[in-house]
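The chain that follows stands alone, in the form predicted alone, written as structure tokens.
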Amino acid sequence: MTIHDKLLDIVQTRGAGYLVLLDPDRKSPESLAAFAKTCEAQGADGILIGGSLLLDDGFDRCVEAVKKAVRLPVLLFPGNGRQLSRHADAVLFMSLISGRNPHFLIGEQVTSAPIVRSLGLEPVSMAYLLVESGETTAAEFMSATRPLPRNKPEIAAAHALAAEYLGMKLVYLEAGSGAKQSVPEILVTAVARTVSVPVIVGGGIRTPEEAAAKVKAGASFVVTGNALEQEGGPDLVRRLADAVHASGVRETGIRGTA
């Protein structure tokens, strides 16, 4: 079974999935591995590794340590083509289609594709959409692109539909790391109702209630990262995972799988 198939299976059996994003610049390989193991024990469905910047040369060691520590799918969430490692299960091979910067629409992908192939990584094509969040985020600054307006859900829906027609398998709605405001539910709903591929929502989600709201609005996956570092603790991971899974069960009518 491919990693993409496993992601679809999570949605099918649990209604929605909870993914934890680990930033290799914030912790040592050993700390990342230990935290990933905790997340697995507390109900997370997968681990993402990546960030907008890469200030350390230990990315490969971080991915290797995390992969050895967990049985969960480990996916790369690269901010650029240098954030690749053969130790991961797959890479979210994404295009920043919310912006018009050709480097992140196709340029970075062209230079990265041969490396992904040589490393034997499974590429999971994904549309990456930055959404206005109330402040300039690292992703917005580093990509030199404007985010989609948060009060214009039809614009986001049109971008997501174009991505699906281009063959992309996932749509990621991103408010940005540490965003003041998460992606609004009305925008999540507009996108989820427009496309038939799973919708992932991340950025600015700090509480189980917010995570549940994204699932109820139509998200197939919820991602948190900074909230766990700032609030901390296995208890928050458990409460976020439970909120996502319980909301997924209610929204899809699945029984006995949460």
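Numbers for residues come from their place in the sequence shown, where the first is 1. Small disclaimer: the values here were computed from a predicted structure and weren't measured.
Just so you know, the form predicted together with a small molecule exists too; it's not on screen, but the next bit is about it.
Residue-level contacts in the predicted bound form: of V191, C39, V66, I205, one residue has a heavy atom within 4.5 Å of the small molecule, and it is I205.
Of the candidates S177, Q83, Q109, T145, S177 is the one whose heavy atoms come within 4.5 Å of the small molecule in the predicted bound form; the others do not. Of the candidate stretches 24 to 32, 39 to 47, 217 to 225, 66 to 74, only 217 to 225 has residues with heavy atoms within 4.5 Å of the small molecule in the predicted bound form. Of the heavy atoms in Y128, some are within 4.5 Å of the small molecule in the predicted bound form.
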